[in-house]
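Take a look at this one chain, the form predicted on its own, written out in structure tokens.
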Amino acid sequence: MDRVLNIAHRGASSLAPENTLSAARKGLEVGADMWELDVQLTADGELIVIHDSTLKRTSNVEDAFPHRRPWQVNEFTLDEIGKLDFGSWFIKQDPFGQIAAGVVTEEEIKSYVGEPAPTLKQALLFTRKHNWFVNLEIKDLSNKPGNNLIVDRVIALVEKLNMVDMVLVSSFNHKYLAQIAASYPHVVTGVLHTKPHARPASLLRRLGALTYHPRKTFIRLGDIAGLKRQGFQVHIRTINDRKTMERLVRAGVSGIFTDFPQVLTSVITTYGKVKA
């Protein structure tokens, strides 16, 4: 019997600004087994933790650089991104209603003002310091600067920090995963997909990946056990309601991505271990 993994999506993003060290800290605090982050490249080739291809949604870039529309991440240097506030948007928008519900404290709210976007190195060092784990999603840079560099740079950093055993690398870009399998077979990878796949086990074998990360609608619950019997893990994304979490745990899922790791911790505690 294996314990289902509680994976804090972009950190505990219902409790803190996504893809920040504050979100990672909250995920760790509420009992997540690992956190998930997104990495891409700045204009000067630095690895930065940001989800969107633009800086608009999660920073004050419109105010700081009003004439740089459309504010593409890869058009800003690390120094420029370092001047931005990646926390205040969360306070204003309260995307998951947890500020209004009183779950996020006044002290936490104040601390989020001016929150920076971490570099991948900073995010990995935080993970290592706390003897934790991270799902590192490499954003698809197809037809963008750095497309041919990002995989090697990510893996080089992971290896330099001696963190191979603490990192799971995933991507929607399957060429990246194939590259890792060919050049870095000791690195564990996970497959993201934009639509259901008829033969996920074949896809995983072809890409040399260990884990499959479908949306719940992309896989039948009865197929989870079959994939696990073939030696694969199934991490469902992104589940935020308790009842669905309970169904997935009972179905024997290997892991669940969630913006509410505090809720999933309670579910896992209640339902215990999952099916092997």
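In this text the structure is predicted, and so the values were computed from the model without any measurement. Sequential numbering from 1, following the sequence displayed.
Not pictured, yet referred to below: the form predicted together with SN-glycerol-3-phosphate.
K.L.:
Just to confirm, L192 within 4.5 Å of SN-glycerol-3-phosphate in the predicted bound form by heavy atoms?
P.N.:
L192: yes, in contact with SN-glycerol-3-phosphate in the predicted bound form.
K.L.:
Can R68 be called a contact residue for SN-glycerol-3-phosphate in the predicted bound form at 4.5 Å between heavy atoms?
P.N.:
Heavy-atom contact with SN-glycerol-3-phosphate at 4.5 Å: absent for R68.
K.L.:
Counting only non-hydrogen atoms and a 4.5 angstroms cut-off, does F172 reach SN-glycerol-3-phosphate in the predicted bound form?
P.N.:
Because a heavy atom of F172 falls inside 4.5 Å of SN-glycerol-3-phosphate in the predicted bound form, the answer is yes.
K.L.:
Should E115 be classed as touching SN-glycerol-3-phosphate in the predicted bound form when contacts are defined as heavy atoms within 4.5 Å?
P.N.:
No, E115 is distant from the partner.
K.L.:
Please determine, with the chain shown alone, which of 130-138, 159-167, 177-185, 86-94 has non-hydrogen atoms within 4.5 Å of SN-glycerol-3-phosphate in the predicted bound form.
P.N.:
Of the stretches listed, the one contacting the partner is 130-138.
K.L.:
Within 4.5 Å of SN-glycerol-3-phosphate in the predicted bound form, heavy atoms considered, which of K228, H51, K56, R242?
P.N.:
Exactly one residue meets the criterion: H51.
K.L.:
Do any residues of 215-237 have a non-hydrogen atom within 4.5 angstroms of SN-glycerol-3-phosphate in the predicted bound form? If so, which ones, in sequence order?
P.N.:
Read in sequence order, the lone residue that approaches SN-glycerol-3-phosphate (within 4.5 Å, in the predicted bound form) is R237.
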